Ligand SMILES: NC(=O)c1ccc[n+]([C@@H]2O[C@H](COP(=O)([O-])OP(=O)(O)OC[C@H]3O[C@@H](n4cnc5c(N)ncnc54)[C@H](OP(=O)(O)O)[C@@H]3O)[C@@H](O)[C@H]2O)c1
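Single chain ahead, by itself, as structure tokens, in the form predicted on its own.
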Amino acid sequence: MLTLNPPLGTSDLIPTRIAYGCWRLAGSEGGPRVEAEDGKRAVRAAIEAGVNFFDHADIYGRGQCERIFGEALKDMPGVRAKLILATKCGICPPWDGRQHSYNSSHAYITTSVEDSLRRLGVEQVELLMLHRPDYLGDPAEIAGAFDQLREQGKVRWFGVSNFKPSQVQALQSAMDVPLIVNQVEISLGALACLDDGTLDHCLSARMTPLAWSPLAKGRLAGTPENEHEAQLFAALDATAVRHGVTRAAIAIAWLLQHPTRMVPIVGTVNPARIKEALAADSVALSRDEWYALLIAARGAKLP
């Protein structure tokens, strides 16, 4: 079974060290379609492997991912009480002729949550995040929507996704309860968070980073496309051999070493690959191994 992480931020939510991302349960936008039964099989595989933290968004699969997950829950009586369910809202995608935009208005947030609850078949989610910063977002209005959802018992805790530290601070200043997570892109193929202040802010604000695309949109588990990737993959493979796991597991274990105690979000719908990725929980990289992978990922020596 997976190891439990410290609580998310300053909350009482205790997740597994690795979360399962549900964005592919119905297939990816513009990519191959996933049958509902395959999506439900992936959910069951993650739960049976010990995952208790599941990440959703209202736009994943145009709502179908939440619906598939809800159907899987119906087939697993008693499981819901053991899980931490998170969802996100705020992106208005360019579907059906709509303008691609962001919306964090009171009405949009509350309506989105109600729709997500209905699709998931639950009365409450443990965590709600704003999916992207809304340049027209009013922190006081957002805080009002969050307060209403908490008072109604529809959401327990709140966070953000893809926010810069200054954007987090602006929203937090209007809230009476703490933001507990910032879901950000970080992997050995996307290192900006290490240097742009995002992870430093998470440490100082006691927020937990949730790492989306921990395998760099799958590239780290694939075939190298250039010399830089070939060198990084060789370093990952050598480390994987020493620890008896796959390259993907080492890439995820690299994230688990960070002092923020970030939670990587694994999103494959292949049960075998879910198991391979979760093996990262058993890997403890040495400081030398961690820095060797960082240097390989940067393609340059440390200063």
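Position 1 is the first residue in the sequence shown; the rest follow in order. This is a predicted model, so every value here is computed, not measured.
Missing here is the form predicted in complex with the ligand; even so, the following discussion is about that form.
Asker: Counting only heavy atoms and a 4.5 Å cut-off, does the ligand in the predicted complex sit next to every one of R132, Q183 and V269?
Answerer: Result yes, every residue of the spot touches the ligand.
Asker: Taking 4.5 angstroms as the cut-off for heavy atoms, does H201 touch the ligand in the predicted complex?
Answerer: So H201 does not count as contacting the ligand.
Asker: With the partner left out here, check for me: in the predicted complex, does some heavy atom of G218 sit within 4.5 Å of the ligand?
Answerer: Yes.
Asker: According to a 4.5 angstroms non-hydrogen atom cut-off, is G21 in contact with the ligand in the predicted complex?
Answerer: G21 belongs to the contact set for the ligand.
Asker: So, in the predicted complex, is D58 in contact with the ligand at a 4.5 angstroms heavy atom limit?
Answerer: Although the ligand is absent here, D58 would stay clear of it in the predicted complex, with no heavy atoms inside 4.5 Å.
Asker: From the list R273, K40, H243, H258, which entry has a heavy atom within 4.5 Å of the ligand in the predicted complex?
Answerer: Comparing distances to the ligand in the predicted complex, the residue within 4.5 Å is R273.
Asker: Looking at Y108, W212, F233, Y102, which has any heavy atom no more than 4.5 Å from the ligand in the predicted complex?
Answerer: Partner contact (heavy atom, 4.5 Å) among the options: W212.
Asker: Tell me which of 66 to 74, 260 to 268, 234 to 242, 43 to 51 has residues with heavy atoms within 4.5 angstroms of the ligand in the predicted complex?
Answerer: Result of the contact check: 260 to 268.
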